[in-house]
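To begin, one chain is listed below as C-alpha cells, in the form predicted alone.
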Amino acid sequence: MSNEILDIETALRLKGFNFRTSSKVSGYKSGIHKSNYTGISPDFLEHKEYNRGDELKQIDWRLYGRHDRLYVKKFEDEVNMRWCILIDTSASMGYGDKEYNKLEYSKKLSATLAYLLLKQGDSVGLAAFSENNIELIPPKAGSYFITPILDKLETLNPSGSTSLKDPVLKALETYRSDATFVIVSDLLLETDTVEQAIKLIRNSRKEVSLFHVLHPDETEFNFSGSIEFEDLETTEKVIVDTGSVRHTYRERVMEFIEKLKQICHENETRYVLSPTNQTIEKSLIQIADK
C-alpha cells in the first residue's frame, strides 16, 4: 500500500488542532466532544490508540498481538464523533495535470483529514460518489482504520456525471445517528441542487463542511487564442475565443462561488474554497480549532 495520498507532513503540523462540531454528540468516545451520557457503562464498543493516562487494564492484548501497537477498549460513555467524508469521483474531477488534478487533490485532502480525525479518537467513514453510484465504507474508530480508507482512496478514478442528492440520501441511511458530513467536490452543479443536498443533511440534524475543489484554470481562465473545450461528463465540445469571454467567465465563476458561500452561510455549513494549487494544510485548517 502506498502512502503518497496521505500528506503526513501536514498531518504532523496540524496535530495540535482539533476538528470538532458545536453540537452535543450521542455516540461513543473520550476526548474533545461533549457527551450526552454520564456515568460508567459496561458496554464495550470499539478501540482507540493507547495514550498515557489510559488504564492498563483496558488494553486489548489480543489486538496488540496482531498489530504490535497498544489499543484500549472504549465504552458507551466515552463519546465519539462520527464523520462521513463524501468524495466526488465524477469525470470532471479528473481535470488537471498530475500535480493539480482535482481528484488527486481531493484524495490527499480526504486521506489527511481522515488520519487526523482517527488520531483524535473519532470514527470515520468514506463515501465515493458519482451520478447515482456510491461506494461506502461504514465508520470505524482506531488509528489502524486509516489503512482501508487509504486503500479505497487509491482505487478511485474519475467517471460518470456529478450528482449529490442521491449519494447524500444513501449516506444518510447509513449515518442515522449523530454525524458530521464532509463533502469534497468541484460542485459543478446547479446551486439549487447543492442547496437541496445541504438541507437534506441539516434537516437530519447533522453538521456539514464543504470543500469546494477547483483547478486554477477554472477560476482564472488564463487561456489564450481559440481553444476547443470538451465537457468531461457529457463529451460535448465547443470552440471558444478565450480572450473575448475571459472577463465574463471570471465574473460568472465568482458569482457562482459567492452564491455557494451564501447558501452555506444560510444553512450553517462551513464552506472552504480549495483550489488545487492551495496547500492541504491551508484548506484543512479552516475547519480546525486550536
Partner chain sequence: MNLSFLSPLFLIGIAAIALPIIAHLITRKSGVTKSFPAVRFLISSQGELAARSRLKDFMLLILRALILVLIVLLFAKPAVFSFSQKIDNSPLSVAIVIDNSFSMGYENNFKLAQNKAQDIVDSLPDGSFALITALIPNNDKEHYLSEDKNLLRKSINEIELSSTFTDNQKRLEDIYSRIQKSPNEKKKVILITDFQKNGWKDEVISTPWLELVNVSKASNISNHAVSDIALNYTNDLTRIQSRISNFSDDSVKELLAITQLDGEEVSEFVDIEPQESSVMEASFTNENKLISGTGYVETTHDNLKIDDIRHFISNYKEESNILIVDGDPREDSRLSETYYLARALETISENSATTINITDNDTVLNEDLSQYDLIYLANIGDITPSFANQLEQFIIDGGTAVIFLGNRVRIGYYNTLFENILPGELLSIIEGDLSLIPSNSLMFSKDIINRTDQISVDKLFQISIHPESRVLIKATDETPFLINKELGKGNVFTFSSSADSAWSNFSITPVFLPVIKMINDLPNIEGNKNRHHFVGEPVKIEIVKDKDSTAVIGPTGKEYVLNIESNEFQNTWLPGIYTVETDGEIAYKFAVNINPKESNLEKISIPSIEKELEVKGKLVKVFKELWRYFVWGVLALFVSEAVCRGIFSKY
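Positions refer to the first chain, counted from 1. The structure displayed is predicted, hence computed values, not measured ones.
Just so it is clear, the following notes concern the form predicted in complex with its partner chain, a form of the same protein that is not shown.
Considering non-hydrogen atoms and a 4.5 Å limit, does its partner chain approach K102 in the predicted complex? Within the cut-off, so yes.
Does its partner chain come within 4.5 Å of any heavy atom of S92 in the predicted complex? Heavy-atom contact with its partner chain at 4.5 Å: present for S92.
Wondering, does E228 line up within 4.5 Å of its partner chain in the predicted complex on heavy atoms? Taking the distances in the predicted complex, the answer for E228 is yes, it comes within 4.5 Å of its partner chain.
Can you work out whether E236 and its partner chain are in contact in the predicted complex, taking contact to mean some heavy atom pair no more than 4.5 Å apart? The answer is yes: E236 has a heavy atom within 4.5 Å of its partner chain.
L189, L156, I137, A171 - the one with a heavy atom within 4.5 Å of its partner chain in the predicted complex: The residue in contact is L189.
With the distance limit set at 4.5 angstroms and only heavy atoms considered, check whether E218, L232 and V253 all reach its partner chain in the predicted complex. Yes: each residue has a heavy atom within 4.5 Å of the partner.
Tell me which of 103-111, 210-218, 116-124, 163-171 has residues with heavy atoms within 4.5 angstroms of its partner chain in the predicted complex? Contact criterion met by 210-218 only.
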